[in-house]
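Below you will find one chain, with nothing else, as structure tokens; this is the form predicted on its own, and questions on how it binds or moves follow later.
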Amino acid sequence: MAGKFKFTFGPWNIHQGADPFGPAVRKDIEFGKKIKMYKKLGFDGVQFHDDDAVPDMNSLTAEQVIAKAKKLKKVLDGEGLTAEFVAPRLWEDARTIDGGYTNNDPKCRKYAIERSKRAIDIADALGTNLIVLWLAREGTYIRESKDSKVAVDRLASAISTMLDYHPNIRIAIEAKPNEPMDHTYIPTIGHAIGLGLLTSDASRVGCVIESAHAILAGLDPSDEMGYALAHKKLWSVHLNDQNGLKFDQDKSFGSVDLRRAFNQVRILDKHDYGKDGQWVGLDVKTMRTQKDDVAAKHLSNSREIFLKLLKLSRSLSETKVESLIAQRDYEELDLLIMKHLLR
């Protein structure tokens, strides 16, 4: 419990504030300027969607995609930054309205696979072997539209194709129970780990846990983390917070439930998360009300809260905790934790 943590976020976390009910309220910041903000905010790693790294990639050949990704690698090197992962953005294309890998149209499924291969090419050029799969539209609006058994088979087949495409890549599945679909086929981390067992190389399939996604499933994020850690499958985390079982809010880490955030930090630290190179990723969105000049505070604030909770976790008397557990005096343990958080 004395390791050091390194932090990442994706450029989409600095945004203009548009939402489904209103237009943008802040000026756009070009990608190059966002990259220069990372170190100032205390971050050393960058999360990428494939088209964050290579815009308009669908109009480029595979060779052109790789060439542009290599240029970006030089930019990252110049800023002292590392690419944590690349995620294929499959949910915005017209061909993936009905899903990518589980689409009922074989031509659309083929597109999803080819796009995923390009994402792997980009990751390789950026110097990372981690691919994140958020299976955003791999689900249904109406049960009868897809066969769930066939859908899971197709997901396993798609992942196997990706694993076979590059011998060194690892795939981390980011589970979420709903939104944008009514129901997704891989709603929890248990489902994600189980899906990996159906692929051609389960040793290269793990998971990403996002705090809000676990909460949306009615689960505690620290418990989900513990489950994944027990399987040695926790390859990244996306920390944020969530106010109830609503839409995915991506609130600043700890801003809703500080104790819930404390337990996430505690279990990560207690079980040496990061010793194998894993990053602490944030997926937090600034409030729509923030003005342009303070629209990145949510990132540095979330990192600060993590580090403060880490200090609290390490200063908690484990002797007292173990003693109260042995006495089965959980009321006193409850008070101990609350008083510790109030210090």
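Worth saying up front: this structure is predicted, and the values here are computed from it rather than measured. Just count from 1 along the sequence shown to find any residue number.
There is another form of the same protein, the form predicted in complex with a small molecule; it is not shown, and what comes next is about it.
J.: Which one, E174, D241, E224, E84, lies within 4.5 Å of the small molecule in the predicted complex by heavy atoms?
T.: Filtering the options by heavy-atom distance leaves E174.
J.: Even though the partner isn't displayed, in the predicted complex is W91 close enough to the small molecule, meaning a heavy atom within 4.5 Å?
T.: Yes, W91 lies within 4.5 Å of the small molecule in the predicted complex.
J.: Would W12 count as a contact of the small molecule in the predicted complex, using a 4.5 angstroms cut-off between non-hydrogen atoms?
T.: Flag for W12 set to yes.
J.: Decide whether E210 counts as a contact residue for the small molecule in the predicted complex under a heavy atom distance cut-off of 4.5 Å.
T.: Yes.
J.: Mark R288 yes when one of its heavy atoms lies within 4.5 Å of a heavy atom of the small molecule in the predicted complex, and no otherwise.
T.: Heavy-atom contact with the small molecule at 4.5 Å: absent for R288.
J.: Look at the candidate spot formed by H49, D248 and D283 and say whether the small molecule comes within 4.5 Å of a heavy atom in all three of them in the predicted complex.
T.: Heavy-atom distance to the small molecule in the predicted complex: all three under 4.5 Å.
J.: Picking from 138 to 146, 224 to 232, 174 to 182, 95 to 103, which part of the chain touches the small molecule in the predicted complex when contact means heavy atoms within 4.5 Å?
T.: Of the options, only 174 to 182 has residues within 4.5 Å of the partner.
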